[in-house]
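Here's a solo chain for you in structure tokens, the form predicted on its own.
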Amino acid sequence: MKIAVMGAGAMGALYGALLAEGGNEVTLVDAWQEHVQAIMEHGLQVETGGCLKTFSVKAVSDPLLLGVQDLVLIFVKSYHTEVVVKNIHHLFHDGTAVLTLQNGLGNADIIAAAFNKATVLVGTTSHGATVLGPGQIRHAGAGDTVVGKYSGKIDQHLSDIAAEFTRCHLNARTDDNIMGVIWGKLLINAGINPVTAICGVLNGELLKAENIRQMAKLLIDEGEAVARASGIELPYNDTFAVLEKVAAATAANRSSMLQDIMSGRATEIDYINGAVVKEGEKCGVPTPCNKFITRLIKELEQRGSDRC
């Protein structure tokens, strides 16, 4: 397949590298010029379990350099989605699919408004990855890729894409309840990301510090109430128990939101806890804890940008 990966951060670069190693014609697209240049000159360096492996994959900074693709993967930060989709219409022909594996809610709606809904695929990934520097990432842990259709039921095209991902060691499966899967991941992120960012701690502290643990539980409890009122079938009977397992498995990791705050970057809070608040307002479920923590993160964002 000809595959364009929009956003060559940790996850986009990881997926691009593995899909390219599997024989697909992959191009990473990213605005970070130093990163793109390093990949083109030296390959993409991926550290896994203390070992370093170099992947040969094409990278560009301008999507206009590309022709039509079979699959477009969207991995940009959620607040860049709207701008990105405006600039990639030339990548599509009748058979092109677009797949978002981004965090949070709302990305699929933006993409579906720009393209034929029948071609829009949505999903989640539980792989862990971190950018180490230009042209370098760390694959912190393997996980699953779950994909479904934005509109309609699973079809052969989607099943073929999932099979190709699995062949390339991305362990993919399809799910007709994809919105439930997305909400499940959203709630885990809503519990882990903001509290670790505000407290400045690794994920494992959620299991050690009772105050932090209770903050995360309050956020998830509200989110579960919103999901139920919205008619979402969550994939877990006990979402908080799943959060504890995720925190244990990623105990030594800094959450993506903590990394963003430490680097003075914007976070995806509006698409995670902010999305819980927005959906709560639609269905009449109060979300005071998510609203409060969203405001706290936005204040930290502002303080970080003032220092830059």
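Note that residue numbering begins at 1 and tracks the sequence as displayed. Each form is matched to the other, and the largest set of C-alpha atoms that superpose within 1.5 Å is called the rigid core. Since this is a predicted model, take the numbers as computed values, not measurements.
Another form exists, predicted together with pantoate (PAF); not displayed. Remarks below refer to it.
Per the 4.5 Å heavy atom criterion, pantoate (PAF) in the predicted bound form is contacted by stretch 246-254, the sole one of 28-36, 246-254, 48-56, 62-70.
For the candidate set 119, 145, 203, 81, a heavy atom within 4.5 Å of pantoate (PAF) in the predicted bound form is found for exactly one residue, namely 203. None of 161, 220, 192, 99 but one reaches within 4.5 angstroms of pantoate (PAF) in the predicted bound form through a heavy atom, and that residue is 192. In the predicted bound form, pantoate (PAF) lies within 4.5 Å of some heavy atom of residue 103. Although the partner is absent here, residue 185 lies within 4.5 Å of pantoate (PAF) in the predicted bound form, judged by heavy atoms. In the predicted bound form, pantoate (PAF) lies beyond 4.5 angstroms of every heavy atom of every residue of 60-85.
Core-superposed comparison between this form and the one not shown: the CA of residue 246 exceeds or equals a 2 Å shift.
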